[in-house]
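Only one chain is included here, represented as structure tokens and corresponding to the form predicted on its own.
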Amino acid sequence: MMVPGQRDQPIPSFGDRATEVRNAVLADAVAGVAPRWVATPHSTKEVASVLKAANEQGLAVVARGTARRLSWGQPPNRVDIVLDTTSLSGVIEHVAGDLVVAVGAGTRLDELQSVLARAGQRLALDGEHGDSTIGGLIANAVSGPSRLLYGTLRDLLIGVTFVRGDGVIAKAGGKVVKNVAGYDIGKLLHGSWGTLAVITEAILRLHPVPPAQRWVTIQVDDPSRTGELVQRVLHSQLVPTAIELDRTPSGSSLLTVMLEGIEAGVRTRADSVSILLGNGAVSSESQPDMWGKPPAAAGDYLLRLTTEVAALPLLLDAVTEASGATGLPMHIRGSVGVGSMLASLPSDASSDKIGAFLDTLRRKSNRWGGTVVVLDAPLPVVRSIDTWGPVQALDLMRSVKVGFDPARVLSPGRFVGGI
């Protein structure tokens, strides 16, 4: 079905006839906002042609990969063109000896991992992200449990090719970690939600696939005890790859430590972690079912909670208080070893109760030095709540937007502060 009112609209070329362009359909809507066209470029040059034409004609563009997180954030102020990046795919160059790969931004993570596995290597991004594109993962700052040891994509991104809103092509970084110099634009684009530029290629740092992995899990329901155990593991010499917490709405929690390395070493370290965690700790060679999965069911509110690691108990206590005050159960799951977690609230919650829950947490967030951000929410409610909360350096962020995209071509209004 076509987007209402667009059925007889002529299809433009956007300056490059090699780019596929079609009229948008209802399924192409971005957070409920209907676009006019969908353009599918096959190269950086074609992306530049689309953006140059959009800039000249005053059209708004939203880049889209597999659309898995297209509902995140605020709906854009307007969308004229959805720029489909999935044809910008494939491994461009894999220098296995340097543990570096150059890849098209439209490449799915599972496809990249499959290629890298043949050389015994991987991109150290785990979790339920296989059907996401590399460009989308960078733009939305998505990470997995292993970020404790390996860092996020921000740390693994060493080079990037991108196109500004006016169609200008630029590059930053390099192909070898030690040779990267100059402004680190890749880190700026990471987490920018597609509002600064369209990423077309990325150069990524790789790691070897570990010979062995183990997970040590313990049930711990008291927030203070949870914080104490996290600190024990972090301050040990056992080098955990990840420390994850799965806290159900009832307050029951599973704390899991992941270890990697050679078989004998991993087995010994897992025994030591079990001793650190105390009675009830269980070691397994099998990955827990919840590992790397978001806690939200389809349609639920999805939030990102951050905290100073040492202040984790304060956050957990505040969640309990907010749930008691509003009657809304919250499920928390994520990387307590770095202080970044995802959380869910039920989809049938009213906007008033959601607002009250957010207010309760945000009023106290300075106590744990963190943030409370709504990533995804049902469309009827998302416009009526403050998804971002208080944001520092907003004026600076707006200045960066003006510097990269003064005509507001790219995803206008989707990011914090209406950027």
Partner chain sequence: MAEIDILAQQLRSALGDGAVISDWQRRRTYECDGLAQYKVTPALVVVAENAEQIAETVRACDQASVPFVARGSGTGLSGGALPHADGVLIVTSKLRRIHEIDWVNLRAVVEPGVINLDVTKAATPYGYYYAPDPSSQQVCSLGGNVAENSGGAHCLKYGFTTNHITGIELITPRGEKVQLGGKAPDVPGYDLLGVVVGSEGTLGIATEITLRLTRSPETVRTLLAGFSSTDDAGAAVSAIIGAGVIPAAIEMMDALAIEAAEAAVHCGYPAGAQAVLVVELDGPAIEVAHAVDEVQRHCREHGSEEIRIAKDDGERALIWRGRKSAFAAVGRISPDYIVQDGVIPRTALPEVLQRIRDLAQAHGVRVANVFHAGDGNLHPLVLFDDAIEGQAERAEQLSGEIVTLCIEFGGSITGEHGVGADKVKYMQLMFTDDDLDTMQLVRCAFDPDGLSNPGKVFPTPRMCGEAPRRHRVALDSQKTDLTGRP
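Small disclaimer: the values here were computed from a predicted structure and weren't measured. Positions refer to the first chain, counted from 1.
The form predicted in complex with the partner chain is left out here; the points below concern that form.
Stretch 204 to 212 is the answer when you ask which of 295 to 303, 102 to 110, 313 to 321, 204 to 212 has residues with heavy atoms within 4.5 Å of the partner chain in the model of the complex.
For the options 172, 220, 116, 137, the residue carrying a heavy atom within 4.5 angstroms of the partner chain in the model of the complex is 172.
The single contact residue among 343, 82, 242, 266, judged by any heavy atom lying within 4.5 Å of the partner chain in the model of the complex, is 266.
In the model of the complex, the partner chain sits beyond 4.5 Å of every heavy atom of residue 11. Shown alone here, residue 196 lies within 4.5 Å of the partner chain in the model of the complex, counting heavy atoms only. Interface membership of residue 225, defined by any non-hydrogen atom within 4.5 Å of the partner chain in the model of the complex, is ruled out. The closest non-hydrogen atom of residue 191 lies within 4.5 Å of the partner chain in the model of the complex. Annotated contacts: 147, 187 and 399 all touch the partner chain in the model of the complex [non-hydrogen atom within 4.5 angstroms].
Heavy atoms closer than or equal to 4.5 Å to the partner chain in the model of the complex belong, across 322 to 357, to the residues 338, 339, 340, ordered by sequence position.
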